[in-house]
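Below you will find one chain, with nothing else, as structure tokens; this is the form predicted on its own, and questions on how it binds or moves follow later.
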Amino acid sequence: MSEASRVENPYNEWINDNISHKKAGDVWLALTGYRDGQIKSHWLRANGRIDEVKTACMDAQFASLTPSLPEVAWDEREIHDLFGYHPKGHPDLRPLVRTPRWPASFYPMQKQSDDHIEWTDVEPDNPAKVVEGEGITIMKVGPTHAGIIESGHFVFSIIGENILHLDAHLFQNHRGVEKALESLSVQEAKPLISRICGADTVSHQYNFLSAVEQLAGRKVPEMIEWQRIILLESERILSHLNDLAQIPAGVGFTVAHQRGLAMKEMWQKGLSAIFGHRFLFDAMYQEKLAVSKKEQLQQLLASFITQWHKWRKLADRQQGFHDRMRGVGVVKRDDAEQLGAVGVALRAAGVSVDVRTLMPLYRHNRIHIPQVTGGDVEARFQVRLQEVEHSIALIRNALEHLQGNQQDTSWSIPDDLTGEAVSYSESPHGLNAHVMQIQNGVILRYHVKSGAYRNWPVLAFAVAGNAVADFPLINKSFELCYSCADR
């Protein structure tokens, strides 16, 4: 066998194995790079099993999956930026995370030390992908925005009022969370994991605990599982309330916007009083819920449901509002599946995927998946309405199982924890996956693949073909966080 054949065969096997998983309907969890040159992809099968496919870099190169699986495009670009591994055959290998200010030889995830880096004194903007031609205007928005939203840079190619292409430049305030987690113990990592993102913090906490418990072989008490469901569904309601309030703002439906935000504030203040933080930071690490707190939650739920019905009636009866959302920002089913859309964006396109149906945590619950098609802003609005009401039902069911005093369930994490684990959850923004590699209680590698990260390229796709005035509405219908890109 020639040297070229020996090189190509592993590449072909890597590509074909991953394509086979996609064709089988498996859900892609993560693509993870490692310092030793390994690249691993993890797939979630319909029976709940997680399969691993791996390849090794040869001369710092590996075969790109992007031409066959477009949903991995950003992940391969990120691996290239942070490790220096070249995804051979990638169609658009522009920088994603790194900026022109990074020294050419600086690949932070390859380094084992935190040596001081001298940044290059140049403009920080990365090259944009734009449409060229007569009559085309390039419009740039951000990275600094009015109000208090985080930093994102958007480059629009427009002709007249029509958007031809959107190039989204995220990662403006990249924090290096995955690098910072290296060499930390499990206890030291907890607060950092909790603060990866304020919108999906409970999901991140759950994934972290799930990975640790897998490696430790812990059987989680059922009472703790019910409490975790309450937290996950409380976060889902909080996130969806924000999004449902912001969508009316995109069309000037001010009453629904303001009342929606007031309802969200009531829910958030209630969660703060019960669990100790407005964003639920560190809430899942507390494994005992006092009886008085359960009663508070029941009272909060009752007050919220009253306000929810009033707000939904207001939103439902405004036909002009719904007409404005229909046909805007469409993502068809085939495109959603090809681009790797998750969560609300995927279910609004008519794809009945919600990984809660595969999570052992929810084994005693029947998960309702909204039957919505259309893939437009209206469809994403309707999915959220149904999911809020389903989350209310799940919380009620969990509270019924939490009646009475909870037994002491204190558990100590083993100091010598060693191995690799993959965990996942259905965050408010969709599939959230974590990959943890740990040795003797010290984290060697920690990779986070959030729902918002997966959906940013889908948002960019949804904007093309719409009017400039439609962008705020489409953007709010996804309402993706920046922090999961800036992790």
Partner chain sequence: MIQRKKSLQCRHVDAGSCNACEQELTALLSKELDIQHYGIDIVASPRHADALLVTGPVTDTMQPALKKVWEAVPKPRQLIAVGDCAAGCGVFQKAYASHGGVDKVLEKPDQTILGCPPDPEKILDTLRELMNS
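Positions refer to the first chain, counted from 1. Just so it is clear, the model here is predicted, and its values are computed rather than measured.
Although not depicted, the form predicted in complex with its partner chain is the subject of the following passage.
Of the listed positions (Asp323, Asp415, Glu265, Asp316), a single one reaches within 4.5 angstroms of its partner chain by any non-hydrogen atom in the predicted complex, namely Glu265.
The contact with its partner chain in the predicted complex, taken as any heavy atom within 4.5 Å, belongs to His174 out of Arg333, His390, His174, Lys293. In the predicted complex, its partner chain stays beyond 4.5 Å of every heavy atom belonging to Trp411. When its partner chain is considered in the predicted complex, Pro370 lies well away from it, no heavy atom lying within 4.5 Å. Under a 4.5 angstroms non-hydrogen atom cutoff, its partner chain in the predicted complex lacks Glu134 among its neighbouring residues. At the 4.5 Å threshold, heavy atoms of Thr99 reach its partner chain in the predicted complex.
The stretch from 376-384, 144-152, 355-363, 324-332 that comes within 4.5 Å of its partner chain in the predicted complex, counting heavy atoms only, is 144-152. Although its partner chain is not shown here, in the predicted complex the stretch 161-200 places heavy atoms of Phe171, Gln172, Asn173, His174, Arg175, Gly176, Val177, Lys179, Ala180, Pro191, Leu192, Arg195, Ile196, Cys197, Gly198, Ala199 within 4.5 Å of it, in sequence order.
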